[in-house]
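Heads up, the chain below is alone and in the form predicted on its own; it's given as C-alpha cells.
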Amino acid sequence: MIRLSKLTDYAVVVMTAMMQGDGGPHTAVSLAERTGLPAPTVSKILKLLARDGLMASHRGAAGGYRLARAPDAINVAQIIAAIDGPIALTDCVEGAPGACGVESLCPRRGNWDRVNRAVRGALEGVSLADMARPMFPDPVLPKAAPALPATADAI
C-alpha cells in the first residue's frame, strides 16, 4: 500500500489553514489552535517546510511563518518531499547506491522509474491552492415537496 505519512497530511492541513488567515505571520501555537493539531507537531512541520523553502520564518515579537510562495506555486510533491524526503516507490528508484541488493540483476528497474515519474507528475500537478478548495460544492438541500391537497378519500 502506498500511503503518505500523517505528518505530510498534517502539513497540508497547516498550510491550507495559513491561506485562510489574515495574511500576517502565523505562530505554531495559533496554527495548532486553528487546526486542532498538537503545537509540537505544528512546530516540527513548520521547521521542515521552512528548511525546504516552502515557508518563510520571521523572528521577533511580531514574527512567525508565512508561505514562501503563492499557494498555486506550491505543489503536493514539494510538500511530500519536504516532510518525508524524495518520492520513491522502490529502493532502486530512490537512487541511493547499494539500496537494493539485486539492482544490477533486476530487469524491472526501468519500469519502476516510469511508474515513479507518473506518480510524481500527478502530485506535481496538484497545487496547495487546489488542496484548499472544497472537493464538492456546498450541498443543495432538496426543496420540500408541495403539500398535496386533502381529499375526501383520504379521510
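What you see is a predicted model, and the numbers here were worked out from it, not measured in a lab. The first residue of the sequence shown is number 1, and the count goes up from there.
Not pictured, yet referred to below: the form predicted together with the DNA.
The single contact residue among G121, G53, P40, G36, judged by any heavy atom lying within 4.5 Å of the DNA in the model of the complex, is P40.
In the model of the complex, no heavy atom of N116 sits within 4.5 Å of the DNA. Shown alone here, L128 lies farther than 4.5 Å from the DNA in the model of the complex, counting heavy atoms only. Although the partner is absent here, R69 lies well away from the DNA in the model of the complex, with no heavy atom inside 4.5 Å.
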